[in-house]
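For reference, the chain that follows is the form predicted on its own, supplied as structure tokens.
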């Protein structure tokens, strides 16, 4: 495939390396705003940029009928508009708060546990995420996805907030520490015990591999998708 990388920071460079090893051609490595010309006619765009520019980057690509794999978090209030554009332009859009194959299995496990806990009294629920000090948004997009998985199955919660759980608001502790790639934990605590599920990323390679796998999967598809579609979850 011909892949254009929009956003060429740490993640973009790792995606470049992994995609090339898998036999793909990188036709654009953009730190600047994408245009019809500088994208160089790719089969798909992989977008890992910054929250303040992600919407415009994706919009440009979709308007040029190029499928987009997006891993930028912190802009999701405009996601419905992007999904509408993907349909109108008869192309494809796939957003992932986290492209790690392990994290997406963790999402499924989190939903299963939330469903098991919904009718059990005496347990409080709390989320914790730890990331590197350079991360722009808090809580992480991954933590928000985990919270949304809990909302889907547990009617006790319908919103999240930073810090301690209160009422129907699920608390998320967002910790910024050194160069941590990403650690996410869900705790159910009672007076007598605690249940914890946890995912720890050792490096960024898992995120990059998942984004390339998603790009391979989305070829010739139309519509809006997520990693659960790629993995058949």
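Positions refer to the first chain, counted from 1. Treat the numbers as computed from the prediction; the structure is a model and nothing was measured.
Another form exists, predicted in complex with a small molecule; not displayed. Remarks below refer to it.
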The small molecule in the predicted complex reached by all of 4, 24 and 42, non-hydrogen atom within 4.5 Å: no
Does residue 10 reach the small molecule in the predicted complex if we count a contact as any heavy atom within 4.5 Å? yes
Evaluate residue 28 for contact with the small molecule in the predicted complex, applying a 4.5 angstroms cut-off between non-hydrogen atoms, and reply yes or no. no
Is residue 50 part of the interface with the small molecule in the predicted complex - any heavy atom within 4.5 Å? yes
Could you confirm whether residue 110 comes within 4.5 Å of the small molecule in the predicted complex, counting heavy atoms only? no
Assert contact_stretch over 187-195, 59-67, 31-39, 167-175 against the small molecule in the predicted complex, heavy atom within 4.5 Å, equals 31-39
